[in-house]
Every structure is written in structure tokens, then in C-alpha cells.
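The chain below stands alone, shown as C-alpha cells; this is the form predicted alone.
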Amino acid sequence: MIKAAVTLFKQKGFHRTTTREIAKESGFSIGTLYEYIGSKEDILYLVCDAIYDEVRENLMQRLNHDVEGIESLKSAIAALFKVIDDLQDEVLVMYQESKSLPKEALTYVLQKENGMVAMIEEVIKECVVRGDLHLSEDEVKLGANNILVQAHMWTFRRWVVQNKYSLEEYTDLQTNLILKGLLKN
């Protein structure tokens, strides 16, 4: 159901997609679909929740714990960018459509995003503890958020960046820019 919803939301948008279309694309009858959900917003919530879980799981699998310091940060950035590349359609749908979630569901989804940022924060904090970076707590938090935004830019502005750069080139350029900013302190 989630993959079907992502496909339809990507093609038509959340508001123009019907639950009947989602049921059909999922191989369910509309009655069966409503046994699992109460509204189309419930499907969107499940979609966003599943996407965050998939991004988090993939990122956890790709993080290289065999390197330390700045190399660990470089590795984490590359891992995040690769995960976002692998799931770019899902990430795009999530960001475009999450505004349609009810307030409490949106709050939950945003907490999951904060969890992703926290994973990057931990890598940056390790660099600070080792003395590789000299950043305040606020700079660590903002730096982690900036890294996540740069990863998402691969998806949001793919019509520009993916026509100009390979994922490897984009990752290298962004990593160099990010590190220049973090190392200035």
C-alpha cells in the first residue's frame, strides 16, 4: 500500500489521488483498504513514517564505524547522500505532501526528522571531542541540519544538480564545502 501510495502521490499529488486509486494500485478492494485506515491522511502518515524508517535503517547500515574523526564525517555524509539518492522519489513525496498531515501526525513525523539530524550530530560531536572540529553545541546542531538539507537538495533540485553532476561529484563538492565551513572555527 505504501509503495502504491508513493507512486500515485508522485504522479498526481496527495490531494488529486483518491483512496480508490490507492486501493486498486495496492491490489486491495476499497473495503479492505478501509479495514486498515480511516482516511487518506492515515495513508500519508504511514507513507511518511515508513520513509523515515527506511532512510534511518539504510543510513545505519551504511555508516562506517571503522573510521574516525573527519573521515568518519566524510563517510557519514557520503552514506546519507547515497541513501537519499536511493530513496529520492519517496523523500520528495514526503516533503511535498507532509504539510497535509494533521498537526499531531506532522509533529510525530518531524520528530523522526530530528532523529535523522541527531545521527549526523553524533558524528560531528565525535569530531569535536577528538579536537578535529571546534564547534559550539549550536554550531553542531546547525551543521547537522545543513548536511541533511544538502542531501535533500539532490532530490529537490535534481532537475539542475543531477543534470550537471554525478552523485559522486555532487557528494565530493558538497562535502568539501561543508568541511570548509565547519573547519573555519
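Only a predicted model underlies this, so the values are computations on that prediction, with no experimental measurement involved. Don't overthink the numbering: it's just position in the shown sequence, from 1.
Unshown form predicted together with a further copy of the same chain; subsequent notes refer to it.
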Hey, of 46 to 54, 143 to 151, 59 to 67, 22 to 30, which bit sits against a further copy of the same chain in the model of the complex at 4.5 Å between non-hydrogen atoms? 143 to 151
Among E97, W159 and N176, does every residue place a heavy atom within 4.5 Å of a further copy of the same chain in the model of the complex? yes
Wondering, does V123 line up within 4.5 Å of a further copy of the same chain in the model of the complex on heavy atoms? no
Close approach of R130 to a further copy of the same chain in the model of the complex, 4.5 Å, heavy atom: no
Is the gap between E139 and a further copy of the same chain in the model of the complex 4.5 Å or less for some heavy atom pair? yes
With a cut-off of 4.5 Å between heavy atoms, is V117 one of the residues that contacts a further copy of the same chain in the model of the complex? yes
Of the residues spanning 1 to 29, the ones with some heavy atom within 4.5 Å of a further copy of the same chain in the model of the complex are H15, R16
